[in-house]
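Quick heads-up: the structure tokens below are two forms of one chain, split into structure 1 and structure 2.
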Structure 1
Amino acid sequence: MEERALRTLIDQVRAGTLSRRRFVKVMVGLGLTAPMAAQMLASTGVAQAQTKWTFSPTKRGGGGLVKTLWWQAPTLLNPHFATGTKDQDASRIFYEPLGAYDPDGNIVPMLAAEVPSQQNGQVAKDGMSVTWRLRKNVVWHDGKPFTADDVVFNWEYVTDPATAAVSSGNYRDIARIDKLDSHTVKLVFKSPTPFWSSPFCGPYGMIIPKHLFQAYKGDKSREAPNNLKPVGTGPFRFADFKPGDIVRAELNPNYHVPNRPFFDAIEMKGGGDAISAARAVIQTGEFDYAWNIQVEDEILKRMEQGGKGRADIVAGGNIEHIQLNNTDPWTEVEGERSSIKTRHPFLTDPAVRQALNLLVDRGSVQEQIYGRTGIATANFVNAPSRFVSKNTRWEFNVDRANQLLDGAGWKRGSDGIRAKDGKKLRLVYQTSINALRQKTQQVVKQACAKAGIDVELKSVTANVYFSSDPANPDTYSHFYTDIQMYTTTMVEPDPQRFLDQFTSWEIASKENKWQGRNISRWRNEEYDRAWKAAEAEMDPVKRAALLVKTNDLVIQNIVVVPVVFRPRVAAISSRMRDVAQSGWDSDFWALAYWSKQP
């Protein structure tokens, strides 16, 4: 194992992808000693992981107002209509799921009395059902009791197509829900479901009250007055909401966890930009917490020198990657470019793909552009650690790229651009508008120029690029360029659904109005088989191996070139205690436990 690989592992520990325990294990396996491994970590500044709450109050309240800042403003407070994290986070102040995901991807019971498992018999061995026991004595903010009926109602509400709930994807595998008693429900699935916690857990699992929403199921869902005035079970109850600006909430005196929350009120202000949000927490201390600080690390580090706050970085499943088009974006077939009936003139040549893979200088992109907020990677699945593949690695090597292209018969022309059979290596490289991405584009373009590949940069404003408009050729799913770069998000701790973006039945095309998830239009039977096998595999170790295999197939065939994986970054005032982001759930997943030093 060479230094770079070791450093990558240490970086992973620092970002939390690789646990300290696992890192030590790997090191011992390599013949080192545990103390030596710990010393290495300490010398590179990896802090001790924090898991338990440091503050246990003896009474509810007394903490005053906590001020939080989201640079995207929440626009509505019904979690099932959330158009983005901002709305899910704002809803999470008031609503709770059955279970939340902690930073390691473990389930923490919220409205559930305990976490189901095969050991306690609540998860069926065949994966066909799961039984949830609900916490008793939980009341909604209006005093009505929370019961199994609410859970059943949420499933009915979400799966009604007329409701058009954004969370419906998490509930589609449920065949029926049996109410066993007033506080026990049994979810029966349509097929074996190893990942049974998709419904009712995490950001899509929040539960809304039946008694206030049952009249507004289906077509009338928009008219529910409580879409803007939430009545939940969470630590804070509703005070005021101005869409696109501010949410205010006050302590819930009947919260089901004793002596929580600590704060008397919370305010979530929206709008502005990420950098000034970071300034307001880290430099001036005007605010206590700011969400998703997408700021260059260099700038963050300078702000942190003031000492009023810090950037908190935690691993999640977001990966910035470059997709290589398998189809020809410049030929129109039956009214569609990048049609599955065409082949890309040169990106289907393995030598060109390998050369491109060698020309992305991930090390510099990490060190110089992203810093702590983007860690160079060769893999598509980066977390949790049990899914991370150890079989792939990355390299930046212009000379080798040149050799590969020479060997494959791509000759430099008088203009320095390589060509073969009259086809020139000219690429259009598209991405959304974002300072970090434009810099990455420039780094890649320069390396490509050294290898005789001419790159034209194109950037599209994000609201067009990520839109689902079938008439617009500039969206990422049309992919009417040779290569493109963006971040895909893995919002759950299980990568199964995330990886369906390389299955052959998900290919985006005119026929499915470019709604398919396979954008690079790559087809591989082995991949399809492994993915399907993983979907039904109930043994977690075998399943992890299958998923690692799908990742390896994507990387070995250079379907995409992963660039950096992007942990979540929040700005937190140094006086705040027990504020732990989870890469797998809302920033407010443990809001009830937040506190602040006087």
Structure 2
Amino acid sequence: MEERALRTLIDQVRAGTLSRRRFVKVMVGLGLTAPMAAQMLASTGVAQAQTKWTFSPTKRGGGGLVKTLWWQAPTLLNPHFATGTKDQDASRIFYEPLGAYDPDGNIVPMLAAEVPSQQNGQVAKDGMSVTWRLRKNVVWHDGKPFTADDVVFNWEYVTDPATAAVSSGNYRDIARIDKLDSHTVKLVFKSPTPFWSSPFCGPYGMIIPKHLFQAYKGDKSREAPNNLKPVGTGPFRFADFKPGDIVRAELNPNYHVPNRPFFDAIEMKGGGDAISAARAVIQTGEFDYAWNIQVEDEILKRMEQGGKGRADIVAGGNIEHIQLNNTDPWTEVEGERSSIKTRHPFLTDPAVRQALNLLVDRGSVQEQIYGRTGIATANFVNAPSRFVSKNTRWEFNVDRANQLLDGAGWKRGSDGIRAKDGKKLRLVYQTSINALRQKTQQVVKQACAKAGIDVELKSVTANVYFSSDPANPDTYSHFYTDIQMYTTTMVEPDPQRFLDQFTSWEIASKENKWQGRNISRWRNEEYDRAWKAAEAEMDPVKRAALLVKTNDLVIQNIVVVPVVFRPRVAAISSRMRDVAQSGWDSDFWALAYWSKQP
């Protein structure tokens, strides 16, 4: 686009004759990402518009009960210990970050009074600091004031190794936090930090109260009573919680946004399965909202014909993938299987990894199982566009897989199973119980059989598989099988933190209560160097190239096999209003603004 035409569009946004959303869509169509388009407006002095809501209540409450379904039930209500999105989302009912990410990846102020920028002087041009001004009318659910001290404490709490917080990666680059006054903090970084919103924004940015958690920092972190009874600043306050079952909350009469929330109470019911959750919203209307509807597309389309609800599909960064274990899940070392002190007996052979990569029929998985809800891909990172590698491609080829295994000396025995040096190619492939995942398992198992690889399928109840219990050996974070499959969520419109799950310092282990994000236990010095370089690179083009390189290293080394890039799919009642999913944040990111037709 020529400069004159671009200036005209920006002037139209400034004058109010063109919406920011429309401008962003035009720029995305020209190859930019939504955050880049938003930054373009910001750099020309066009202030960020607030998210618009169609319903403007004149008083708080009066909307009755809103009933939601999460078919993976939450197990705790401390966002810094959240294992999977179900714990993050349950925590978001009560806790808030400084800023949330809207559907376009823009920051929306929550506990912050405004969004920092270079234009307002709150983001240093050298990337070494960011200043946050906090809302002054915010109180915790118990009436205590929210202040800068809470922000400083959350950094100290999360970065204490003994706390074993899953969110620690988002905060480790902060050198110190200066309290400028009771409601202003300055984050000073250890090095130039281009993605300065990672700490304190989005799902990993939720802030817990200092006065209730200070005594439980470090080794005592898991003993805090408020891990199960949250006291936050959010639109709803705690009523009841039955881990693995249901969360109940009631309207917060002191919420800092006038006339919000609309609903008097909320229930987050857990358990069951995705198809029954979809049916309860779209077909029967028993519930108002259901999360993560991983259901065959043809079934969703039939449900939608009744008119009581719909499947809402939005772009995000979710990837359904198969992980290959780099350690030995069948040998115990010092009370720990899949120990970093071991090596997998055959998955460390490049030929076996390459063969498995060729034996995943992603095209059939998309066409026959996912439809519009899953797109076959060769990449781990699939959005935003500037971070998507063009260097990869996927292939389904049983013949080539056989050739690779033959060439590497894996010979078929009388039972048809390949073996080498006394080791047979027998593996256990686990995932959570879900119809789409069990069908995907069958597709992979059948192809592997044609290549002489024997696959035993293991399916674990979702509440167990995604549990945060460090004593539970069947969680995906323990990874006590050879390969496993699930969806990992890119919760921010920037892949830096998403990609730290392959860094050597994030390995899940007994020592960190299996809270480390590197579940495959892969270690690669080149990957670590590229990731660290991207973390401090202020040139956006160079930084994008470094993050593309990290994706490519994961794919080239077949650390994982991407299956389908999954847009977010929720089931929403036809009566609900202002329920805007964001592909970059919790489903409850704008819960205070939800409403419903009478």
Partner chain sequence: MSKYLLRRTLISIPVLVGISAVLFTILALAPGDPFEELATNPNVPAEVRLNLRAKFGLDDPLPVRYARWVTSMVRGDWGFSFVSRVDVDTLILQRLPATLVVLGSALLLAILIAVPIGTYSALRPYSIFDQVATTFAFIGFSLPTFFTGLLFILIFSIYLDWLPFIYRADISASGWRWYWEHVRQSIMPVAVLGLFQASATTRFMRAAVLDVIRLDYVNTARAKGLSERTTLVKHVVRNALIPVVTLVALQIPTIFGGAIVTEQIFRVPGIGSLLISSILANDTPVVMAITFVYSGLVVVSNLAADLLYGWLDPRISYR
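As the structure is a computational prediction, the values presented were derived from the model and not from experiment. Between two forms, the rigid core is defined as the largest C-alpha subset superposing within 1.5 Å. Structure 1's sequence is the ruler for residue numbers, which start at 1.
Index of the chain form predicted alone, chosen from the pair: It is the second structure that is the form predicted alone.
Tyr480: Cα shift of 2 Å or greater between the two structures (core-aligned): Yes, shifts by 2 Å or more.
Core superposition between the two structures, C-alpha change of His256 at least 2 Å: The answer is no, as the C-alpha of His256 shifts between the two structures by less than 2 Å after core alignment.
Large Cα move at Lys190 between the two structures, threshold 2 Å, rigid core: Lys190 C-alpha, core-superposed: shift of less than 2 Å.
Core-referenced Cα shift (Å), Arg437, between the two structures: Between its two positions, the C-alpha of Arg437 lies 5.9 Å apart after core fitting.
Angstrom displacement of the CA atom of Ile369 between the two structures, core fixed: Here the C-alpha difference is 3.4 Å.
Rigid-core-superposed Cα shift at Leu405 between the two structures, Å: Comparing the two forms, Leu405 shifts 17.2 Å at C-alpha.
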